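The form predicted on its own is given below as one chain in structure tokens.
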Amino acid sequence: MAEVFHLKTPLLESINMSKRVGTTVYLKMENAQPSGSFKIRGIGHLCQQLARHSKGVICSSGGNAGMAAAYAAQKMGVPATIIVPSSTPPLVVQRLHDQGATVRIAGKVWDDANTEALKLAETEGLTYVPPFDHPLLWEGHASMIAEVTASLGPSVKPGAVVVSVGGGGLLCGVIQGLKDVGWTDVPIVAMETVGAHCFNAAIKAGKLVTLDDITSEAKCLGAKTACKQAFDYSQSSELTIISELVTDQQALHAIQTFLDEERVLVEMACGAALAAVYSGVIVRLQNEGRLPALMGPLLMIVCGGSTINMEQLTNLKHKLQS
């Protein structure tokens, strides 16, 4: 069995969140991964399969996928090149350098950086590591649900799972995990911020759509188009996927509240999921009859994120609260 790069993360009960929704809330603490987010599960798995004898990996990322690719590459002794958009905070570029990666800046948003990464993979013979759209990624991410079942024990099943959606890689991984353990009847609440809402826009349009621009400050949710698999799942009659939007202000409020109550700092992309509790989305869905009024425990995927520090948080407050 090849070495795995991810850790088994804690599943913590949140007293404060449980009080807010009237049912037990469990936090799957993916922020505790060595690369700072859940991405190392899928990217580590993909690199194991595809990049063992590679002359180098290349990944396009506004942060977390790049951090995971750089971490996995370093563990494998393979060079990593990370292409980031100009919207990437300097702290992320520095962290990528610290992880031993070569960093190049290309374009304004992730889609631009990705075009450049695909081109370089071709011309320089590097292994392309997709940030969210690949079955091996979803297979890797699914391991978090297997861990949750082991932690909860055979008699407990979540009433719902809450995830943030950027391009849809985490969502596809969670669904893969739910399928693996026979929990496909568990509803999924898919959270995005307005301005990075490619999944919600696709569901409303009934087809994949490309956003004109990413205007949300949750840059790590910033894919202009969701992956096809995520959209296909949203159309499936076997799954219940509820797509909800929050504002950047609500996501910011969520990360500040989470920092106060749980003593953990996560990024805006993760704040979108936390806002499902802190901004009353779950309770509203129960009142609307879209989630059961008396449901089993709520599972929150705390996807983490390395694109945040106190300085960045202060900047966000100035930008969004003025």
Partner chain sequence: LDQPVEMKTQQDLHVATPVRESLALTKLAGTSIYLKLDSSQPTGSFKIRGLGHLCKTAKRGYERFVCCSGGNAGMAAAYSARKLGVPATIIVPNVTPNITVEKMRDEGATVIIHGKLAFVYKGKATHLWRSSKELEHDLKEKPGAIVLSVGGGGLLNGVVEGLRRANWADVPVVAMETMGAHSLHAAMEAGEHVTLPAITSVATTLGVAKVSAQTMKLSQEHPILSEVVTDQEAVKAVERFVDDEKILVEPACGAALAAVYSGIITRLRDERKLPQHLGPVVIVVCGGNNISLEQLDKLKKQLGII
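Please read these numbers as outputs of a predicted model, since none were measured by experiment. Residue numbers count along the first chain shown, from 1.
Same protein, other form: the form predicted in complex with its partner chain, not shown, and the subject of what follows.
Here the marked residues D180, S243 and A276 all miss its partner chain in the predicted complex; none has a heavy atom within 4.5 angstroms. Shown without its partner, this chain lists V302, M17, L299, I308 as candidates; in the predicted complex, only I308 has a non-hydrogen atom within 4.5 angstroms of its partner chain.
Distance criterion of 4.5 Å from any heavy atom to its partner chain in the predicted complex singles out R95 from the list R95, H134, K224, K219. Looking at 27 to 35, 276 to 284, 44 to 52, 290 to 298, the stretch with residues near its partner chain in the predicted complex, meaning non-hydrogen atoms within 4.5 angstroms, turns out to be 27 to 35.
In the predicted complex, no heavy atom of K319 sits within 4.5 Å of its partner chain.
By the criterion of a heavy atom within 4.5 Å, Q229 is excluded from the residues contacting its partner chain in the predicted complex. Proximity of I105 to its partner chain in the predicted complex falls outside the 4.5 Å heavy atom cutoff. In the predicted complex, its partner chain sits beyond 4.5 Å of every heavy atom of I40. Along 252 to 271, these residues reach a heavy atom to within 4.5 Å of its partner chain in the predicted complex: L259, D260, R263, V264, L265.
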